[in-house]
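Two forms, one protein chain; C-alpha cells for each follow separately as structure 1 and structure 2.
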Structure 1
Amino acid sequence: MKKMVITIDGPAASGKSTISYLLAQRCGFNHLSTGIFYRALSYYMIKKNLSEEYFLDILETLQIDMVFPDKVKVEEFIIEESLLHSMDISNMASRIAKIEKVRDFLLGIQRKIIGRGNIVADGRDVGTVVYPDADFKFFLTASSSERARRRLLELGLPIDRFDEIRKEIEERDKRDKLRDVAPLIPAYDAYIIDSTYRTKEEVVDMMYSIITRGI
C-alpha cells in the first residue's frame, strides 16, 4: 500500500501537537512536530555557544535527523524532545524561524523525513510549503479565548492572567499571518477544523473518519 502523509497546520496553542500525536497513534504512524527542528538547531547553537553569524555559516554542514519516536539528532547530540521546550530554546527557535536560510535548509530535511511516509506532521506551513502533496491536510483552529484558556491550564497560570495571554496569542497570530516567509494560512485543499467546542477525542475522530472515507 502507498505510504501516507497527513499534515496538520494551525496557529499557536491550537492543539495541533497533541492532536497529531493522537491521530498518529490511531493510524499507527510516526508523529513529527516540525517545530522540533527549529528547537534542535537552537539547542545546538546554545550548547556550542555559537554566534548567529557563525551558525548561519556552518548551517548547511549540519547533520540533522529524527530518531523516532521522540528524539532528534543534530551532529553528535541525540536530544530528547522534552528537553527542547525551555524558554530560552523557544525564544531562539522563534527568532531563527524567521531567517530564510534556516527555513530553506530545514525544508529539504523535513521533505526527506516526511517523504519516508506513514507520518502525521504538524507545524505552520507543512501542508502549504513543506509537503503540498500530502494525502490529507488539516488546518486546526480555535478561538483566541479558548486557546488562552488552554494555555493557562497547560502552564498552571492563575485566571487573572487570561486577558494578557489572549492578547499575546492574538498578536502572535497577526505576526504569523502577515510574515513574508511561510505565512500561516490554510492550504487551499485543507480541511479546516475548529476545535473551540470539541474535545481532542472528537477532533481526532473527525479527522480519522475523513481519512478512512477518503482512502
Structure 2
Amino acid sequence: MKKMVITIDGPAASGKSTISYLLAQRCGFNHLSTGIFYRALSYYMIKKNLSEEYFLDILETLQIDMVFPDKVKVEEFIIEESLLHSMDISNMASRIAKIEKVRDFLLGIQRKIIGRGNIVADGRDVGTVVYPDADFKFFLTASSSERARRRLLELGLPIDRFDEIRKEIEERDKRDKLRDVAPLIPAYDAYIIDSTYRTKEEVVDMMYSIITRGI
C-alpha cells in the first residue's frame, strides 16, 4: 500500500501543531512540525549568541536532523520541542524564515523526512512549497482573538497580556502573508477549516472523515 503524506498549514497559534499531532496518532503516522527546524535554528543562534551574518555564513555546515517523536538535533544540541515556543524564539523564527538561503537549506531536509511517508506534517507552506504532492492538504485557521487566547494559555501568561499577544499575532500574520518567499496562503486544493468555534477533537474528526472518504 502506498505510504501517505498529509499536510496541515495555517497561521501562528491556529492549533495546527496540536491538531497534526492528534491526527497523526489517529492515523498511526509520524508527526512533523516543519516550523520546528526554524525554531531549532533560532534556539541555536540565541544559545550561541550568533549574529545573523555569521549564522548565514555557517548555515550550510550545520548538522540538523529530526529525532522522533519530539526532538531536533542541531550540532551538539538535542532540543526538546517544549523548549522552542517562547516569544523570542517565535519572533526569530519568523524573521529567518523570510531568508531564502535558510528556506533552501531546510527545504531539502524537510522533503527527505516527509518523503518517507506515513506522516502528518504541519507548517505555513508545507502543502504549497515543501510537499505539494501530498495526498491530503488542510489549511487550519482561527480568529486572531482566539489564537491570542490559546497562546496565553499555552505560555501561562496573565490575561492583561491579551492585547499585546493579539497584536504580535496579527503583525506576524501580515509578515507571513506578505513575504516574498513562500507566503502564507492555502494550497489551491487544500481543505480550509476554521477552528475558532471547534474543539480540537471536532477538527481531528473532520479531517479524519475527509481522509477516510478519500482513500
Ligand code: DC
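Treat the numbers as computed from the prediction; the structure is a model and nothing was measured. Start at 1 and count along the sequence of structure 1; that gives the residue numbers used here. Take the two forms, find the largest set of C-alpha atoms that superpose within 1.5 Å, and that set is the rigid core.
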Matching structure (the form predicted on its own), either 1 or 2 = 2
message = Core superposed first: is there a CA shift of 2 Å or greater at S144 between the two structures?
response = yes
request  = Provide the displacement, in Å, of the CA of L153 between the two structures, taking the core as the superposition reference.
outcome  = 3.8
